[in-house]
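For reference, the chain that follows is the form predicted on its own, supplied as structure tokens.
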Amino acid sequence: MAKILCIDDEVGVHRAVRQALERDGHQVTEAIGYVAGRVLIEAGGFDLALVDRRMPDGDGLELLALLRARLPGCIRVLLTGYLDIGAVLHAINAAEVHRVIEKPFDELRLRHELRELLDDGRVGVHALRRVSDPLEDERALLSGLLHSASFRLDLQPIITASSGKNLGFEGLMRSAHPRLPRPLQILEMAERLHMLRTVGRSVASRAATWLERLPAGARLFLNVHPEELDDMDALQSQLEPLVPAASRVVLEITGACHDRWAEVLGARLRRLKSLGFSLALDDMAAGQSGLVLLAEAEPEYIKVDRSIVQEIHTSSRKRRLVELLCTFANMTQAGLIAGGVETDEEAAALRALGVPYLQGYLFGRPAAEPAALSA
């Protein structure tokens, strides 16, 4: 449980924050406006603070700067309905803000973003480098990260629903670098700099190391970026460290792969299979592209998107959809994996529907040393 401070002049914002975060067991303290917020900051004792940008009685950026001085270990989040580059740069450079969240926000988005911040080990006391220097060498920054211990591949377990034993693990990028703490930031920079291959090679290298440690027979699931399919020779070279254990590696593809390579995708995926890799269709809720991929990819696994899994025990339509996917998966001899399982009720409903594999926070968060590894 984290102690969270919310400073905003809008009662509706406080209500939304409280409803979102108390669901995750956090303790939320509210301050209406600048003056009340300053008093609470002086009192201290908070793990994370959400601070509004503009309040009638003061500037939220001043409070964030005060937080930095008084509570350097407190994660600082700027809330703003007036998002602009100048405000973001000022917030990061002057107050060392760790995240900017634009209002209005929905409950699920807020919970997800704050979970990421708290799970990343409280970025806090380590100073963020300035981002406004136009001469900064982003390519050197990204390359340095990918070749450092700050970049790692954490594992999240995928379990067999009937027995609780592990089918395998999904490898997920994680970073301890203060400039690039989130996987999405790494991928966006890599796309901009045309360095996705460099990222892919770093992932493959770390995945090969994991395969030496995983229990015999445990599978390792890895994501494939759509752009990585543009040059199959380069992709094969990138995956070379994994080829000796290809029978244990499952490459996850999404509907975006079909959107990008509709005419040639089937042949490219068959080449991956010829190397010994299995395929998983990720996020099976992505509309027509996902349905076409079911036919073209002939995946060994189908992953059901979290948007379907969430609260499935309360939705007859979601249960019916998963029931149909189970039938399809059985007919095509594919294993169905329900992702994003967070509650016992969701897990029970999925087991009752016959879903064979489950993944989600209920069974383990991504970790550098997952407890399930020895199970």
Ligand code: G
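Numbers follow the displayed sequence, beginning with 1. Since this is a predicted model, take the numbers as computed values, not measurements.
Below: the form predicted in complex with guanosine-5'-monophosphate (G), not depicted.
- Of the candidate stretches 170-178, 144-152, 208-216, 69-77, only 170-178 has residues with heavy atoms within 4.5 Å of guanosine-5'-monophosphate (G) in the predicted complex.
- None of the heavy atoms of residue 356 is located within 4.5 Å of guanosine-5'-monophosphate (G) in the predicted complex.
- Among heavy atoms of residue 64, none comes within 4.5 Å of guanosine-5'-monophosphate (G) in the predicted complex.
- Contact check for residue 252: a non-hydrogen atom falls within 4.5 Å of guanosine-5'-monophosphate (G) in the predicted complex.
- The closest heavy atom approach of residue 223 to guanosine-5'-monophosphate (G) in the predicted complex falls within 4.5 Å.
- Remark: none of the three candidate residues (6, 53 and 81) comes within 4.5 Å of guanosine-5'-monophosphate (G) in the predicted complex, counting heavy atoms only.
- Just one of 48, 329, 31, 341 comes within 4.5 Å of guanosine-5'-monophosphate (G) in the predicted complex, counting any heavy atom, and that one is 341.
- Checked against guanosine-5'-monophosphate (G) in the predicted complex, the candidates 306, 38, 26, 313 yield a single residue with a heavy atom inside 4.5 Å, and that residue is 306.
- Using a 4.5 Å cut-off on any heavy atom, the residues of 349-369 that reach guanosine-5'-monophosphate (G) in the predicted complex are, in sequence order, 360, 361, 366.
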